[in-house]
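Okay, here we've got a single chain as structure tokens, the form predicted on its own, with questions on binding and movement later.
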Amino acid sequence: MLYVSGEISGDSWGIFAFLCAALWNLPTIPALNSTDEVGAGQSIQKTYDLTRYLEHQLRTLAGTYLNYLGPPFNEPDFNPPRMTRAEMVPSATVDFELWRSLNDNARLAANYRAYTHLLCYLRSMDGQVAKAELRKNLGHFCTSLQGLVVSIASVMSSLGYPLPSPLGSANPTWAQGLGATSPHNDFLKKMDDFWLLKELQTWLWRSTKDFNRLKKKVPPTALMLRLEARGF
């Protein structure tokens, strides 16, 4: 018996009905959603790249700024004590093992708080510098650092972490300038500037390691799938 195109035999109808019944009774398959993980991986990679860029940018800026402050601040062996305003910034110089023992959320929150406060202080430095070219470089660095704060917030959001509450005022008094100062107070302010730049350098070094470690957990180019159950 010849089969004409478009005609289905009785046996074929039976097979077709069996397959339909089998498919109808299959359990619901959870949806595969990679949006969150890929988004997190991209945010982490972007933040890591930005910390590397800021590290490079700070090396140039710090050298120029310390020369602007003059001796002894531009001398290689100069290492003043941490001053009052520097104490307002969460320190990056904590014990290595203690830092590693923190979870990702705690480390990200510490990074976010530190750069938020460092940014306030750097903006106050920008307003007090006499040299136009140095002000321009500081302004550019502040813009990049603001981008890092936003980028860290994006990473925290993509990983489901809430943004931490600020440690104090969004415009702390130590970042509002000193006005007319005596030579003694001017020297203390320069020590503050020196220490804050050093603290920023340490934070960027630590952040680069943090985000390098974090991006290995959530690779940006890998297909990371999350199962989202539907109906059960």
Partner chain sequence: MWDNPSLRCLLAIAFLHLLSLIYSQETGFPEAPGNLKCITHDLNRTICSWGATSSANLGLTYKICYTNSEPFSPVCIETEGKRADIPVAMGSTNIQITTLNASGTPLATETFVLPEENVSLIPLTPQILNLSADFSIYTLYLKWNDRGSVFQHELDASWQIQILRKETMETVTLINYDSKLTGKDSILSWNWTSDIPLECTSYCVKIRCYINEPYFTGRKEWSEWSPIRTVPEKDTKPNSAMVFPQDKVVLVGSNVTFCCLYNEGESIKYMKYGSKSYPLFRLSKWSSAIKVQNVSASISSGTNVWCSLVPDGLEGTVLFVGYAPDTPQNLNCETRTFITITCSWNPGRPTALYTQRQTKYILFERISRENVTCKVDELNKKHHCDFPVHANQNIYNFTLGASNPLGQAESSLLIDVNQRVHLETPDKFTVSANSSTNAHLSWYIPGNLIQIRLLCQIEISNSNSERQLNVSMAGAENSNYRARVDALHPYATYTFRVRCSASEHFWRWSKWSEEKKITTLEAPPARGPDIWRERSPVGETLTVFWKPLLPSEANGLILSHEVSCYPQEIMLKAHEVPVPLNSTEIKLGGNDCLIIVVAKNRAGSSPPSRITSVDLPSGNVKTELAIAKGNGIYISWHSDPNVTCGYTLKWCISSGSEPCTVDWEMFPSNATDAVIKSALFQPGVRYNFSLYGCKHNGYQLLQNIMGYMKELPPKVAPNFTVEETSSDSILVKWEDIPVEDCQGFLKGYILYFAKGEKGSSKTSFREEDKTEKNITDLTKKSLRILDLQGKTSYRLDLRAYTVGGIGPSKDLYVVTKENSVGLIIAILIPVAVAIVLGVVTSILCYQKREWIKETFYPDIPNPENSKALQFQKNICEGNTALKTLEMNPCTPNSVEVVETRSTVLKIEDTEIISPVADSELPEDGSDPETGSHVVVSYCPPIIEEEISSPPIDEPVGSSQVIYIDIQSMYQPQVNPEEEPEINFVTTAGYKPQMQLPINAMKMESHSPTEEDLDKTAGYRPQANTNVWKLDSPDSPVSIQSNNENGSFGSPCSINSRQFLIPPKDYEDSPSPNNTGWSFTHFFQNKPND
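None of these values were measured; they are calculated from a predicted model. Numbering follows the first chain given and starts at 1.
In what follows, reference is made to the form predicted together with the partner chain, a form of this protein that is not presented.
Using a 4.5 angstroms limit between non-hydrogen atoms, Val149 is distant from the partner chain in the model of the complex.
Contact between Gly139 and the partner chain in the model of the complex is not found at the 4.5 Å heavy atom cutoff. In the model of the complex, the partner chain lies within 4.5 Å of some heavy atom of Lys190.
In the model of the complex, the partner chain lies farther than 4.5 Å from every heavy atom of Gly160. With the partner chain omitted here, the record of contacts in the model of the complex names 190 to 198 of 203 to 211, 40 to 48, 190 to 198, 55 to 63, defined by a heavy atom within 4.5 Å. Shown without its partner, the chain has Val129, Ala130, Lys131, Ala132, Arg135 in segment 129 to 161 as residues with a non-hydrogen atom within 4.5 angstroms of the partner chain in the model of the complex.
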